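What follows is one chain in structure tokens, specifically the form predicted on its own.
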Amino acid sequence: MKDAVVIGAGLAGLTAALRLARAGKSVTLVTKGPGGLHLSQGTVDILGYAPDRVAAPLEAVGSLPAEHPHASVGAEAVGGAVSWLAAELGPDLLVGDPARNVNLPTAVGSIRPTALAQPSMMAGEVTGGKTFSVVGIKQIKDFPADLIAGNLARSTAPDGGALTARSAWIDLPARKGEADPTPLTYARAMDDEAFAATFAKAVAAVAGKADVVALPAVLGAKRLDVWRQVAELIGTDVCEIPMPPPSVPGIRLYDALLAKVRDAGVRFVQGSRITGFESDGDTVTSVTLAAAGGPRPLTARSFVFAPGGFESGAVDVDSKGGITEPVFGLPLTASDATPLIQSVYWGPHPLFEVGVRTDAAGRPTDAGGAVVHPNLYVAGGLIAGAERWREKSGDGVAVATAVRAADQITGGSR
């Protein structure tokens, strides 16, 4: 029997599995797919808005409602969890300070706050007086260099200063004859030093003078020093700007975390979903894996449930507006979606705050605060109380609640 089964391979599931394995626990990680990191920015947002732009995310945790996951975990524990993950991944993948947000340009030229980012992004920190040269690749459709530069030039930096930005384009196929390449196609091509050098030469020819050259996030899939090579050849700082999925920075984080999980001895089962569970009284004894040969039980002493939220199908809304959690049937903070769907697109959307209540240990509770299953822990987007996309808090919630769950199982040992 395993010490723990972790369900879900997004940021929360991978973090929980790695933390448990580092503490010497035997772990099975099971997932129906690769998780949400492929859709992410490849950064770790702790808290970007509350509701105004946040400069010091850990300080701002103190202003959050008591039902917010960050408030339940606590600012010190949130910071410690994120710092632990950054140390595990190392400075080639994540840099920054959990106590301070940096402001980075987006693929539409807006400015977003985040706590930890990949080193290839950090030169793009938006500060007053900075000049950007935004260079697009004609073959990549989701990096509108003209729009990005135009919006940056119209924007005021968070410190109140003005920005200058111009756009330019290069024509450089990653593979001959490919009509619609993805960012991942270019990232894999950049793993070849010769192609990266050709790319840098083309960028240098059009970039002009600027403090930083902003590029689509395609600077290597496996080789993490491509951005340094390109910057040296251009003779100017460069920054990557993440694009719509498939997210190359997100894939880098996923690949690195999964490799660490496997190296730590975690059994990884992908491609099958968990459909139910068995229990002895309130204690979960096994979860049911929908395997090719038929349903199969996975037994363990403890379970970490990190399936994501609405976006991953971990919470269902039926045709009549009924909201349910389909695997364990856990009590949710609301059962009817109808009054929670708002007509204002940019306003708060309380539907997306619906989820599972937890106690201070991360175990699911009912409306009265009673623990539903004493050996089941919830982590990540399924936990109620945060509108993660609007707040820019989802990564911090995932990491902090995953570490909390793992530490509760191990008694805090690592």
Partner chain sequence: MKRLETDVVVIGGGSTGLGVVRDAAMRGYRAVLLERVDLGQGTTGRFHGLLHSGGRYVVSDPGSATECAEENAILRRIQADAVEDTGGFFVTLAGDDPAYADQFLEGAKATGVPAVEIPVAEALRREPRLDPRIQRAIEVQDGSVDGWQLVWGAARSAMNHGAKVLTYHRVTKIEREGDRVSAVMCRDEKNGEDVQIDCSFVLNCAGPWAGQIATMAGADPVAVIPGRGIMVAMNHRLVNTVINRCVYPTDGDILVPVHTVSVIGTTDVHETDPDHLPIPRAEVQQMLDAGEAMIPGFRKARALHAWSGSRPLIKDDRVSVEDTRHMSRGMAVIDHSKRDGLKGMLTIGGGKLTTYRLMAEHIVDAMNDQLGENRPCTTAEEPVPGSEDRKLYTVTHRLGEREEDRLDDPIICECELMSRSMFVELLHEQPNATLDDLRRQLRLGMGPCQGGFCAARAAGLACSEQVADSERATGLLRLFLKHRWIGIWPILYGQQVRQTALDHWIFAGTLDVEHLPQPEEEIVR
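Residue numbers count along the first chain shown, from 1. Quick caveat, the model's predicted, so the values are computed rather than measured.
In what follows, reference is made to the form predicted in complex with its partner chain, a form of this protein that is not presented.
J.: Quick check for you: of 102 to 110, 283 to 291, 258 to 266, 231 to 239, which stretch puts a non-hydrogen atom within 4.5 Å of its partner chain in the predicted complex?
T.: Stretch 102 to 110 is the one.
J.: Evaluate P245 for contact with its partner chain in the predicted complex, applying a 4.5 angstroms cut-off between non-hydrogen atoms, and reply yes or no.
T.: Yes, P245 is a contact residue.
J.: Just checking whether K141 would be counted as a contact of its partner chain in the predicted complex - the rule being heavy atoms within 4.5 angstroms.
T.: Answer yes; at least one heavy atom of K141 falls within 4.5 Å of its partner chain in the predicted complex.
J.: Looking in the predicted complex, any heavy atom of S155 within 4.5 Å of its partner chain?
T.: Judged by the heavy-atom cut-off of 4.5 Å, S155 is in contact with its partner chain in the predicted complex.
J.: If we define contact as a non-hydrogen atom of the residue within 4.5 angstroms of the partner, is A179 a contact of its partner chain in the predicted complex?
T.: Residue-level check for A179: yes, a contact with its partner chain.
J.: Which pick from E278, D171, D318, E76 sits with a heavy atom within 4.5 Å of its partner chain in the predicted complex?
T.: Going through each option in turn, the one that passes is D318.
J.: Only one of T185, S302, S72, S312 gets a heavy atom within 4.5 Å of its partner chain in the predicted complex. Which one?
T.: If I apply the 4.5 Å criterion carefully, the residue I get is S312.
J.: In the predicted complex, does each residue in the set L39, L147 and G347 place a non-hydrogen atom within 4.5 angstroms of its partner chain?
T.: Yes, because L39, L147 and G347 each have a heavy atom that approaches its partner chain to within 4.5 Å in the predicted complex.
J.: Heavy atom within 4.5 Å of its partner chain in the predicted complex: which residues of 338 to 361 meet that condition, in order?
T.: Residues within 4.5 Å: T338, I341, Q342, S343, V344, Y345, W346, G347, H349, L351, F352.
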